[in-house]
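Only one chain is included here, represented as structure tokens and corresponding to the form predicted alone.
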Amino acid sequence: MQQFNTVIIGMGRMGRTRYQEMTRHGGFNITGVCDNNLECIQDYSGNKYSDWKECIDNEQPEVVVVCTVNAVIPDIVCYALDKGCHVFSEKPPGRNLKDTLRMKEKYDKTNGLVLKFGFNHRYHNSIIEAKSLIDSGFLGDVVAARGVYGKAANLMRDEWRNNIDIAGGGILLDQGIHMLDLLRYFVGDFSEISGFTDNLVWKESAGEDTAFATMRTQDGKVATLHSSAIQWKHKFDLDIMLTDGYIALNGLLTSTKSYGEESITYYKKDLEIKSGKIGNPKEYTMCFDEDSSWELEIKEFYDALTGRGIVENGTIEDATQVMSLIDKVYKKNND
């Protein structure tokens, strides 16, 4: 197996997750890790750094993995691309659309480099099954979708996510971005968006605890989003309406196991009541007890590096489109 010399910048929860998955994959030779808190990296083998530029300059890696706070993501990504490195970066792609466009401009000037952002929700089994079912045409065409993504969050904690200068936004940017990306994935590019954000409970928090948005595509498909830090019980629900049926995605397998069982339920419309009572058609449900999303995401990145595939999910275009939607909601809220 071809191995790529790799460094990981930022060794918090996501940095550790990527380290473990890339080590398990076998195609990444992690020569250095970097974190401004040296206690986070004291147990790792290989070279250790507290300065990310020094890490990249000294290691001269082929791949740079960025798992830092939002504010420094564009600096590291652009620097790594300038050095001729392939880049895998966590979401969100910066604090705002301006940050994302800066990385896009830099990437567009490169030749042959791979840039991928970590929108790992696309690799969950329920999402994969839903996309396959939609693409098959069995349930007709998608016409609308409704997404709810919520958690219990203490937004008054003294951490970087409660600093707008570092984070860029609240729950919409931090978690709702995943649901927005999935709505784009299933429904299409949105030409219109309206919405608002608010602090309904955490009044003194720098970032919003609630966001609502309604979107429409050029051909009239509609989607809605509710992103919440005041759900109090972790929740993931995505409903997709099609011309001949319906798909419901409920729950999400995560490391916390707090979003419930991950499942997909679908049914075909039955106006002639062949399978049961009208409004209560026969349903088909699949449940999943394994999360392969991290593995599949790294595999796609590696296949792109080796020329056996391309980056299909988490492209710079995906990043730009979803950040554009978030930017519009924030701007409308500040008007």
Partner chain sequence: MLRSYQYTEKSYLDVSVQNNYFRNKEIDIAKEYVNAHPSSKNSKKECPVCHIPSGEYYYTKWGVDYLCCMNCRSIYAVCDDSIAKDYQNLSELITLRVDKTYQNELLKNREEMWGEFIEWAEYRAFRFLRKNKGLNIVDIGNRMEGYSNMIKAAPFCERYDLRDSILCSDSHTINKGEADIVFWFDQLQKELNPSEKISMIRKELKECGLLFVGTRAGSGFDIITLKEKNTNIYPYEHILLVSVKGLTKLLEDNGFEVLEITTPGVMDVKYVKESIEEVGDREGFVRYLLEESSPGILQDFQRFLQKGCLSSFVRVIARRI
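Residue numbers count along the first chain shown, from 1. Remember, it's a predicted structure, so these values are computed and weren't measured experimentally.
Unshown form predicted in complex with its partner chain; subsequent notes refer to it.
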Candidate from E105, D141, E192, E261 lying within 4.5 Å of its partner chain in the predicted bound form - any heavy atom: E261
Residue among D219, D135, D158, D165 with a heavy atom within 4.5 Å of its partner chain in the predicted bound form: D135
Proximity to its partner chain in the predicted bound form (heavy atom, within 4.5 Å), stretch among 92 to 100, 200 to 208, 110 to 118, 127 to 135: 127 to 135
Heavy atom of K48 within 4.5 Å of its partner chain in the predicted bound form: no
K268 within 4.5 Å of its partner chain in the predicted bound form, heavy atoms: yes
D289 within 4.5 Å of its partner chain in the predicted bound form, heavy atoms: yes
Distance check, T285 to its partner chain in the predicted bound form, heavy atom within 4.5 Å: yes
